[in-house]
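Listed next as structure tokens: two forms of one protein chain, kept apart as structure 1 and structure 2.
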Structure 1
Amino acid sequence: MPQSLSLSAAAGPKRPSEWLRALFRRNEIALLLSLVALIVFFSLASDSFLTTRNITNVLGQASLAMVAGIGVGVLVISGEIDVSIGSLAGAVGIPLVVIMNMTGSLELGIAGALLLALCVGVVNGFLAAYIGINSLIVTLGSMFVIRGAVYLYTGQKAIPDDLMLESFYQIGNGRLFGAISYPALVAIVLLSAFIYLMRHRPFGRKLYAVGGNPEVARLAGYDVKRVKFIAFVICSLLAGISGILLSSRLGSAVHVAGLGFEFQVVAAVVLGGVSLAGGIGSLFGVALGVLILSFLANGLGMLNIATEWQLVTTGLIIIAAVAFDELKRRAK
């Protein structure tokens, strides 16, 4: 009797504290705190920051990097990388708009865009996973090739949406119930789906295993090449979806769209705690990384800070956030 009493007494208060400790052990907590700190700071510093309109704006803006970031996150967790996503996100606009102009159908345009993304993913994945060429090299190559092909095809001119389709305008610029923008909706749905996949589906765990230690994964009977190949395809498809949203936001296929996008996304993914060595990190972290960078850009703008100072501040905050995360990890 006394024994069981003492047991329950120990178990009672232990639960919440255990839970809290578990939460603090997670690497995302530092990011979450950084994000909250940023939001509090900007809310105090600028009147126009914490308005419904601005917050929904930022979430909409963040969603492009978020969608692509999920894909890159999945791929980096599997131990590979893709730097061609910026070129691809820009390139998918072309089949999208060209097919739309030809057929008048948004659906066919989107199908064309996704088909292009699929092809790029298949080629990247084939060369990197099956042939075994280092993925940075492969995707650096496709980054140049895709962008160059876009320039060649368009003669370095944007392709306008001649029919001015309302549905095309809406997917990137419209809002559900006037509050939440469609891109944000897409990002939230995809994020939830992929967080579930990574945590609770065997395939998600295979991605972690393959990235964490490919040799071990092979010994456990995984088809490592296939898993990585699929990760490439996922990454390209998500970059393609991001590119479709971008294209709608721009109302056209712009040949320079997505320039430098890969840097932003990879920076957000790494900021989010995903290790470039593979096997470590979470998509929740990626989402936080993207949000931090988006809120930072927006907030600094709201404070009317000059571009040059914005760049300097963003750089310093990135270093501070990652260093903080690292110090916390070491203190553990």
Structure 2
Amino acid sequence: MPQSLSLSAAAGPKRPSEWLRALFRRNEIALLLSLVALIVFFSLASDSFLTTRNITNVLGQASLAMVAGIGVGVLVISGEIDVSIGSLAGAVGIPLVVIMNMTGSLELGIAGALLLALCVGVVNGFLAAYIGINSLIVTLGSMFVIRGAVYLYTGQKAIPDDLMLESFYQIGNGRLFGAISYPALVAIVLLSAFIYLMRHRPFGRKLYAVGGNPEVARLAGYDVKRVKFIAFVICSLLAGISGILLSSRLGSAVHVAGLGFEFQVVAAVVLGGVSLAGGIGSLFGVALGVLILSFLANGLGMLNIATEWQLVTTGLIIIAAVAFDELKRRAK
């Protein structure tokens, strides 16, 4: 009998408890089971929950957080954080709508919005990665600067889409073949592309290495500062795309758009299993985290649970997720 077969026979079949432990070592599987359980519970608790209209609405709203969450997930895996994405998502609507109103061109408006997002990412990345300022401090400052600039420019009033362009409306509200919303399609495409990047391209491996141990990554020949700088730019650009979708859904540039959005996204990233210490996590887990929080908020709302208790419930879930992740790491 070959040695491999004899070893396999000696080991024998795994007991159910061993299979269960192996299953829950995969964070994504545990999140997927939690999402299914959540959907089943609210489906039984509310007749209006599991309807095509409600599910489509939830997925459309979740798409915005998912697009931004991909960028935040990439950045947190690299060992950094960005809490300015909510302000940025609101701010990109201004050049988008203003340029579009002036020129009649949606394409130029989108270019202006993405240029603003790129500039913010470059500034944040330069200050954090190359100057060495703590990324939480840098992006916290950016959050207030951007939000304050939005208030000053708009006078705290919405800037409407004067041209009422159908193409602008369709970006955030249209559906492909009348079924899948365009924001959901954008989220799926970006998620697939970045999952491939993180798993199969050298830059993805560099992100995990830099986030896991920057000094070891440097000794291995990786340009740590450059990797982190690019991660900041990616994060801001994806927040900009999310802001464009949000502006389209609102039909204008609203000065309070994206308010608190950063905490929703960071919460989903943490719930999705991405370690705030860097180097651990997956973008598929981030997507599941976004869906869990989105369906949770929607389901609690349908049960007429007060907003205050919704916030308490969400907070407890995040704390439990972080505690569970810490226990898993200690058990290894």
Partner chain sequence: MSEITQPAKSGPVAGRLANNSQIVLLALLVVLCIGISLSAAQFYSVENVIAILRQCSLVLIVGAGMTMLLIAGEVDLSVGASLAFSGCVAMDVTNKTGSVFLGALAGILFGGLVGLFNGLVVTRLKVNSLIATIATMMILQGGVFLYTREAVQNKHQQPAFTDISTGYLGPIPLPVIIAAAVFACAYVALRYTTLGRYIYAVGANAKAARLSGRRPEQLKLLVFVVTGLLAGLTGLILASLMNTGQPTAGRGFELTVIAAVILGGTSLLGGRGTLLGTLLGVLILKVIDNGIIILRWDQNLQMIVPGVVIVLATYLDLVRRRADAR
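Think of the rigid core as the biggest set of C-alphas that the two forms share within 1.5 Å after superposition. Note that this is a predicted model, so its numbers are computed, not measured. When a residue number appears, read it as a position in the sequence of structure 1, where counting begins at 1.
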query: Structure that is the form predicted on its own (1 or 2); finding: 2
query: Threshold 2 Å Cα movement between the two structures at Ala45, rigid core reference; finding: yes
query: Cα shift between the two structures at Ile318, which is computed once both forms share a superposed rigid core (Å); finding: 4.1
